[in-house]
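Take a look at this single chain in structure tokens; it is the form predicted on its own.
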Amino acid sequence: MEVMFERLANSTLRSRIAEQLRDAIVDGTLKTGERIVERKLAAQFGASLAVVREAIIQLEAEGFITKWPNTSTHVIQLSFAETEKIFAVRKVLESFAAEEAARRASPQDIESLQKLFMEIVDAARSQDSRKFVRKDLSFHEKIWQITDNEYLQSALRRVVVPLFAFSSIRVASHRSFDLLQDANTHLPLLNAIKSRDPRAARDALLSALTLWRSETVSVAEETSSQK
């Protein structure tokens, strides 16, 4: 069934188009791997092709949309092999980021991390899956920022953001998923950074990654089998 979008006013058009498309992806209205046709969207939204393309570029940067080799545009879909590659890189880069964060975190940084952790828990308790994924990503981005290494931050954002976008779809689906249990996997990492213990931070990150990988890979295998 063709997805229909309503026309929007010109004010903040790009961000509103991006928001509607993001919501459609997260709630499953637009399926993983589904092709995005820019001209059709422009007609539905009553917007110029340029504005729609700007919204698509924003969602591509966020990891929700990807361009395939033939230049067509699709909703993010990660195969089992792609997911494994991402986690292999993430294991190396983000464990180093966790160590650096434990070495460098200021009291203000730790306060920010604690606040983000509580926001993750609150989103889990209220079963707000969209907020949960946003706050989860913000927690990790804060750790990357604490390293004060813009090259590391850029590399992690490039690798990890598509994975969080794919996780948004996973968490918002009708699969059985314990948000609170997932939220609590962040606590050992937070405590290690608070304790200024790089080795414990690395171990906590790697332990959590093992759990996150298992969940994400199972979904990637499932979606691949449905092609």
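Each residue number is its position in the shown sequence, starting from 1. Computed from a predicted structure; not experimentally measured.
Separately, the form predicted in complex with a further copy of the same chain exists; it is not shown, and the next lines address it.
Engineer: In the model of the complex, which of 119-127, 149-157, 105-113, 132-140 comes within 4.5 Å of a further copy of the same chain (heavy atoms)?
Structural biologist: Of the options given, it is 149-157.
Engineer: Report whether the minimum heavy atom distance between residue 14 and a further copy of the same chain in the model of the complex is within 4.5 Å.
Structural biologist: Within the cut-off, so yes.
Engineer: Please determine whether residue 85 contacts a further copy of the same chain in the model of the complex, using a 4.5 Å cut-off between heavy atoms.
Structural biologist: Taking the distances in the model of the complex, the answer for residue 85 is yes, it comes within 4.5 Å of a further copy of the same chain.
Engineer: Since only the chain is shown here, I'm wondering whether residue 67 would be in contact with a further copy of the same chain in the model of the complex (any heavy atom pair within 4.5 Å).
Structural biologist: Taking the distances in the model of the complex, the answer for residue 67 is yes, it comes within 4.5 Å of a further copy of the same chain.
Engineer: Taking heavy atoms and a 4.5 Å cut-off, does residue 197 contact a further copy of the same chain in the model of the complex?
Structural biologist: No, residue 197 stays farther than 4.5 Å from a further copy of the same chain in the model of the complex.
Engineer: Find the only residue in 29, 191, 58, 185 having a heavy atom within 4.5 Å of a further copy of the same chain in the model of the complex.
Structural biologist: Answer to the contact question: 58.
Engineer: Which residues, if any, of 101-131 lie within 4.5 Å of a further copy of the same chain in the model of the complex when only heavy atoms count?
Structural biologist: Contacts from 101-131: none.
Engineer: So the C-alpha spacing of residue 61 and residue 118 changes by 3 Å or more in the model of the complex; is that change toward closer or farther than shown?
Structural biologist: The answer is farther, because the C-alphas of residue 61 and residue 118 separate from each other in the model of the complex by 3 Å or more.
Engineer: At a change of 3 Å or more, would you call the C-alpha separation of residue 185 and residue 62 in the model of the complex closer or farther than in the form supplied?
Structural biologist: Between the C-alphas of residue 62 and residue 185, the gap widens in the model of the complex (3 Å or more compared with this form).
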